[in-house]
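Two forms of a single protein chain come next, each set out by itself as structure tokens; they are called structure 1 and structure 2.
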Structure 1
């Protein structure tokens, strides 16, 4: 029996039984098997001229389903799939710190034998085994927004260069506080791959001598939960009365922090920047709490994740560096480690915010 048939029949078995049982029945996949399968998944020869398949099913698994950022992103994915003649489904946890929940959803999508999945990982390592299992069942895996590690997916659709994002957030805040004073970061979950990568670049940017009078005093975590982020902002200001600015590289965090600052004596005095949606932040830009912040269009990120998933499932790309494909009228080339960049972020301020609606 060819290997792909064995894989499918194992997946079919998984659909009817519990995954754990099915995996055992499938001869206890060893680590080496998974490695080999995974290598095969990306090493397969891509044919850029292959026809775009229709009738595929792509499952979206965001970090958190009730987060407006992912609502926009996944809507972009759904629209792209409808346009391409394929089906969309979405599963996912309601908390951004439910890693085991995310693993369960990967297994659910595998059992349902979707053709591809687009995943925003809450944690870089936790999903790896489940994602490799999905790939060894012939399912194409795209991460979007927040990556796992390169061996655990076929490609990562990144919202913007991570380095650009990290450095520009420091640059935005430094200008706002006149290159002087204590600053803090209010992030999402402590394990989040995307936020941690950006924070790494923020720290590196701060090493430049032009920031010698700026001191990063704390990194707090609001877990992409509005209430926790609000309380963490309050805590930062209590512990560091001299705080001059906060960077929030999360849409949930920056909105909650703006809400706290706008109602407190700190409004306009403690500067706030980071990543937010124009619709969440408009009010705070207009009332003088926030000068400028940035983001990409989440719907375009979801759109590109869906189109990448379909290109992989159609055999047009395999996820290897240097391969190119067309997505919605643009040609994208896969970079190092299977990363595909959506583009550059947009900075929003009082002058341009009304031109955006997301």
Structure 2
């Protein structure tokens, strides 16, 4: 998985995934404008009992084609559309930084009159005008993985909820250390909104009486830099010789921490968990450095993006807060600003890690 995508996974998650944490506004857009735009984006009354339309065409526009992460996500979307009796179409740039190229692809899908499009936005503001034009032509717009502003799409399929991510990482580590001992957190940047939000939920989770014998002794910052994260891991263990575990909610950081632990006397003794990708962490799981870590399953993310697009195009939902719909056997409820959370993150361990390639 390229560094650009890895860094997006954690360091830039607040702007792209937020997981509904922070939505970057288009240049010059006021709060009132966003409210008005969002109302326009979700105009029309939904009928939850409407039949699912078949024969639709849904265009997928990832940040970067031929990227393992998006290949997995979009494969999930293709399979869902096949199951629903609709057609899948993929377009997109070969570079994860080709913002102008993404705009061009949105315009192409609009000209081809697809019924809906699922877009992972490279730049939230840059795509607004093109996406609004698509919606004005009757095309339903879903963002997935990386959002734009609410008024520029009908719904956003978020990887996971911030609360789920924060709490489950504490739960994972607590199980691994037997609910007893000193722990530390190795975060990205000290100012990272998403990281700080997750850490807030971690602290709140630790207030539960079942964690009374666990003590958070330090929060360190590796700035999503491999070398700094490696050094911070070393520093944490020198400063706290009794440390039992580390939570690292950043894919760059957890890989660096695992690299340090795997070559030190702490291997297997100091537990490590957090957010990582299977391809980065596979060898550390197999050599006993890491028991389990988590992230979302991109194939499930693509699946839900496709099903959301079809539900919108079928008139079953409009993107308004409080609406519910069935997708793949699960009922999802649309939250504030049209955000749909995929659910709890996927836990990867020795039993399942070889089933994933991203």
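Remember, predicted model here, so these are calculated numbers, not experimental data. Numbering follows the first chain given and starts at 1.
- Matching each structure to its source, the form predicted on its own turns out to be structure 2.
- When one rigid part turns against another between structures 1 and 2, the hinge among 344, 126, 53, 259 maps to 344.
- Put simply, the small part of the chain turns as a rigid block by 44° against the big part between structures 1 and 2, using C-alpha fits.
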